[in-house]
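Below you will find one chain, with nothing else, as structure tokens; this is the form predicted on its own, and questions on how it binds or moves follow later.
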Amino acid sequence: MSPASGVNAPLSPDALSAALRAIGEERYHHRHPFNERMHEGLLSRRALQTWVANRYYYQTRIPIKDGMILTKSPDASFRREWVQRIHDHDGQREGEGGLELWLRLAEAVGLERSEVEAFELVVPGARRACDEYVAFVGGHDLLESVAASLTELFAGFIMHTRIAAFEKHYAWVKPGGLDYFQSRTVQAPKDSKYGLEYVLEHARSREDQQRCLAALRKKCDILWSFLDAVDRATARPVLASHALVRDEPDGSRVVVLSERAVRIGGSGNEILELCDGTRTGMDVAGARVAAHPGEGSVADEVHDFLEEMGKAGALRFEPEAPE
């Protein structure tokens, strides 16, 4: 048996393409419950606004990571092609480009442009997910960075789905708000075609192919984590039905679960009291900020607590119903 045979043999271009597409079908964020609710018309106005505001932060990271990708290639023809992605987002001049279109979407859903541009509504988990993508590109080679961008293979169809959903379910969004989505129905297929061709040409060894597959999985995980954070912020946290709260002699609390116990310390007790199913995660953060004015990290502490307790299974999150 030759060294290149069997499990170590490189995939054919068709097989690699199929493997990449299979990752998207299974793991792309069109399957996330938040996106599913969006497309079914089940988001509240506030939830949709929060997604728009947080997603803008992600949009601003895209030209930054694309700039990093440009620095990784010695090939002028690659750079000429890839730089167009930056132009698509930043525009060739003021008032153009995808970032401008996204700000118009923000205005169309009732947000203040200045508030969105200042990232005032970005929750910590969403920011971390976006920054993780930039860090991934900064820490990996050109091939893996291009492979991570191949979520664009699936962006075209989700844009068509999203446009139809907005037109059907969110008629309150002002005209012109969907222009960004419309632009991506053209740009995403073009970008993904070039990116896929690059990966299929340059990922020749099985090791390189596996690195590309792992990079795309990582990007899907990042997009999923982003929506997890937005979901928690816009849903109403409440103690899980199987969880019990036990007061300890030292004044702390322990949340007892079926297979573990989670000790609640510091501000956690106050936050947990607010998680009564009547407030969204953002409301809980707002209540804590109002109770502790001038403490800049209070809101972040709330969102981090909700994330930790959600992952532990101590809290469940009930989506806010549409109006």
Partner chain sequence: MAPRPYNLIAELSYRCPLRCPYCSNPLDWAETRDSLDTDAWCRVMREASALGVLHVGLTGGEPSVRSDLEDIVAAAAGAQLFTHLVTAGLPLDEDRLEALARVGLRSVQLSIQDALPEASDHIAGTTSFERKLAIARKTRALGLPLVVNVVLHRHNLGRVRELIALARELDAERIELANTQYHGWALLNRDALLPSREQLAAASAIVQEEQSRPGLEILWVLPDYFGDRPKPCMGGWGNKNIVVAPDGLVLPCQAARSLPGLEFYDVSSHGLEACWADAPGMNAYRGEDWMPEPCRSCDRRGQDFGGCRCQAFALTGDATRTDPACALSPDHDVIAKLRDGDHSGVPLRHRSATRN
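Values in this document were obtained by computation on a predicted structure and should not be read as measured data. Positions refer to the first chain, counted from 1.
Below: the form predicted in complex with the partner chain, not depicted.
K.L.:
Using 4.5 Å between non-hydrogen atoms, is R246 touching the partner chain in the predicted complex?
P.N.:
Because a heavy atom of R246 falls inside 4.5 Å of the partner chain in the predicted complex, the answer is yes.
K.L.:
With the partner left out here, check for me: in the predicted complex, does some heavy atom of D221 sit within 4.5 Å of the partner chain?
P.N.:
Taking the distances in the predicted complex, the answer for D221 is yes, it comes within 4.5 Å of the partner chain.
K.L.:
Is the gap between V298 and the partner chain in the predicted complex 4.5 Å or less for some heavy atom pair?
P.N.:
Judged by the heavy-atom cut-off of 4.5 Å, V298 is well away from the partner chain in the predicted complex.
K.L.:
Within a 4.5 Å heavy atom cut-off, is A290 in contact with the partner chain in the predicted complex?
P.N.:
No, no contact at 4.5 Å.
K.L.:
Looking at 247-255, 148-156, 195-203, 93-101, which lies within 4.5 angstroms of the partner chain in the predicted complex, counting heavy atoms?
P.N.:
Careful reading of the contacts points to 247-255.
K.L.:
Consider the chain as shown here, without its partner, and state which of H160, H87, K174, H242 has a heavy atom within 4.5 Å of the partner chain in the predicted complex.
P.N.:
Comparing distances to the partner chain in the predicted complex, the residue within 4.5 Å is H242.
K.L.:
Can you pick the one in R27, R61, H39, R46 that has a heavy atom within 4.5 Å of the partner chain in the predicted complex?
P.N.:
That would be R27.
K.L.:
Taking the partner chain in the predicted complex, which residues of 257-295 have any heavy atom within 4.5 Å of it?
P.N.:
Read in sequence order, the residues that approach the partner chain (within 4.5 Å, in the predicted complex) are L257, S258, E259, R260, A261, R263.
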